[in-house]
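A single chain, nothing else alongside it, follows as structure tokens in the form predicted on its own.
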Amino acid sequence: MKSDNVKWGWGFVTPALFWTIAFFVVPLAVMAAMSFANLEGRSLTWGFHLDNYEELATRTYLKRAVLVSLEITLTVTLVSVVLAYPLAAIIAFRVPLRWQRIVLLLAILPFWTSYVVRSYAWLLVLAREGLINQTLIELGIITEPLTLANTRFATVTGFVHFFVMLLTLTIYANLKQLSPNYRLAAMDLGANTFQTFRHVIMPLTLPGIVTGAFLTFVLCIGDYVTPHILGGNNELTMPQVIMVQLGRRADFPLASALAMVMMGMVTLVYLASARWLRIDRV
């Protein structure tokens, strides 16, 4: 009987396993091997060469792309957490239960719009003749339009608009799992609202924050569309530099090396998040 269950289990797992190997493990292995190859003219030489990684460490524009990607990603993650937590708390504790589903539905509306449409919408809002500049001029706050589009500010704004909703959902799910007795017990022991939040609510909802922050980091650092449209190529990120290497130079080894560096960053953040969650639960 046990062997039959094992066979049934492998029968269900095998398709997903083959799919993962074919479309994740194999491409990743090919990309890793490509990162150690050399491009001489139009000829590709396979082998174990560190030239691409040495170029990443010495070329200023490549190092700058890595730094810009990290700065934008960390800024977006931090701002999204700061904005998402109060929003999730308001929905979980202040909005009546019968209205919460409608509010959550409104919160996930950005997920229904494609990246391209959403990015171009923000580009129109932030343009020199856009809604923000026109409103500020009409109110007499400024006399000349501000340069908001094609800047890092525009890129961060476009990202935050999307990821704050993702974090809101993960934090909301944690908040709804908390028993009201925790807050009541803390208040009964003399804790005020801030102390209850700091010592009870926040520690119990950190898993939701860490999970949402990790998802934000992964999706943000690998995004090409939003920085390309809203950033205006004034500051190139790693995905943009990868596309330049592929589209203009056909330098697949250097592009693979950049992609492996980005995968390494994501892996380190994942390991740190997983280790923190294990320590926190212990």
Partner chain sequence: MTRSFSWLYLAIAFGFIYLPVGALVLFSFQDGGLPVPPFNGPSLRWYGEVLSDRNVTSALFHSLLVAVGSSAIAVMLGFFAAYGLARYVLPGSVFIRALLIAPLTVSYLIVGLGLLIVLTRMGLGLSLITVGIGHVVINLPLAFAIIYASMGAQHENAERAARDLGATEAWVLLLVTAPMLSPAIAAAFFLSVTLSWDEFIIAFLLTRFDITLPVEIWSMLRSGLSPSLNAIGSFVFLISVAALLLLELTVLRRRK
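Residue numbers count along the first chain shown, from 1. Predicted model only: the values in this text are computed from it and were never measured. Each form is matched to the other, and the largest set of C-alpha atoms that superpose within 1.5 Å is called the rigid core.
Keep in mind the form predicted together with its partner chain is missing from the figure; the text below concerns it.
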Among 92 to 100, 139 to 147, 201 to 209, 68 to 76, which stretch has residues whose heavy atoms lie within 4.5 Å of its partner chain in the model of the complex?
-> 92 to 100
Complete contact of Ala57, Ile171 and Ala213 with its partner chain in the model of the complex (any heavy atom, 4.5 Å) | no
Considering its partner chain in the model of the complex, which of Gln177, Thr113, Asn181, Asn192 comes within 4.5 Å of it through any heavy atom?
-> Thr113
Spell out, yes or no, whether the shortest heavy atom distance between Pro27 and its partner chain in the model of the complex is within 4.5 Å.
-> yes
Is there a non-hydrogen atom of Phe48 within 4.5 angstroms of a non-hydrogen atom of its partner chain in the model of the complex?
-> no
Partner proximity in the model of the complex: Gln134 to its partner chain, non-hydrogen atom cutoff 4.5 Å = yes
Does at least one non-hydrogen atom of Met263 fall within 4.5 angstroms of its partner chain in the model of the complex?
-> yes
For the stretch 112 to 135, return the residues whose heavy atoms include at least one within 4.5 Å of its partner chain in the model of the complex, in the order they occur.
-> Trp112, Thr113, Ser114, Tyr115, Val116, Val117, Tyr120, Ala121, Trp122, Leu123, Leu124, Val125, Ala127, Glu129, Gly130, Leu131, Gln134
For Thr14, state whether the C-alpha moves by 2 Å or more between this form and the one not shown after rigid core superposition.
-> yes
